[in-house]
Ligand code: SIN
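Read the single chain below, which is given as structure tokens and is the form predicted alone.
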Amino acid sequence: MRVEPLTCSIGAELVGVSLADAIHDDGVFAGIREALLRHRVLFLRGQDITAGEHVAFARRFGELEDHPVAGSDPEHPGLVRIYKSPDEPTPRYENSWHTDATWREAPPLASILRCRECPPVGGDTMWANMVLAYENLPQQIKDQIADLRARHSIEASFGAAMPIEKRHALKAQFPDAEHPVVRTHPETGEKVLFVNGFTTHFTNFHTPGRVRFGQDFNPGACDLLRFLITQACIPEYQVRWRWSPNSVAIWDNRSTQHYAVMDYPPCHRRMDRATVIGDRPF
């Protein structure tokens, strides 16, 4: 197995390895996991695996979770279908920087996304290194956010277009989660900037040390949150992947954000994603 870095900050392509072999070969899987911690997102081409093999490989990282809104493969629990078609009556956007499912109390550890069908051009996905994003913040910003916590909401994202009763039921099932703005990676000990498109507001900003007048809180807190979320947009923190059928991306959901580029209508794009249950951020 060769590990070929794609940028100086994030991403590497694995060459000479089959995910089907990694299901049973502890050495191959250990090499993949080590490379994932180092490069944060890994890419492979030519992975002609079955849905069952996709799920079996993902389960080597841990148990899988289904998504309450996106549809799953009925024969393979834990395999979410992300299918886009020009025939959809109401196109859904996906071009937003985010970390998967931070609206959960325990957001995912990792995701394994496999391309089944994609446009000849377009439909790329981008990832950003949120460890580097934190490291490069000005010290005064680091001091300001060291103890901050924030809410993450499925109601305000996936639920926003739903009828009010359905949206409220979704929130009742998945209440807004509260996470530290700066989390600690449980395996590497790195500090990670942990706000994204699911983050709605800080929960402990309004203190005498931060708020002198009303403007300090609103728009002051909103401006700070917007600044932090947009750190993922800095090109030096990013890698961009061009999909082809049977290519795969594996990413560490604890230390990255990603963005699916919606520049390909009216083409089809069909992806299968297995997402591994994670732990509560601290």
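The numbering used is simple: start at 1 and walk along the sequence shown. Everything numeric here is computed off the predicted structure, so don't read it as measured data.
Heads up, the form predicted together with ligand SIN isn't pictured, but that's what we're talking about next.
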query	finding
Residue stretch of 24-32, 43-51, 251-259, 218-226 approaching ligand SIN in the model of the complex, non-hydrogen atom distance within 4.5 Å	251-259
Ligand SIN contact at H98 in the model of the complex, heavy atom, 4.5 Å	yes
I82: touches ligand SIN in the model of the complex, heavy atom cutoff 4.5 angstroms	yes
4.5 Å heavy atom contact, L113 and ligand SIN in the model of the complex	yes
Ligand SIN contact at L19 in the model of the complex, heavy atom, 4.5 Å	no
Those residues of 258-282 which, in the model of the complex, come within 4.5 Å of ligand SIN by heavy atom	H258, A260, R269, M271, R273
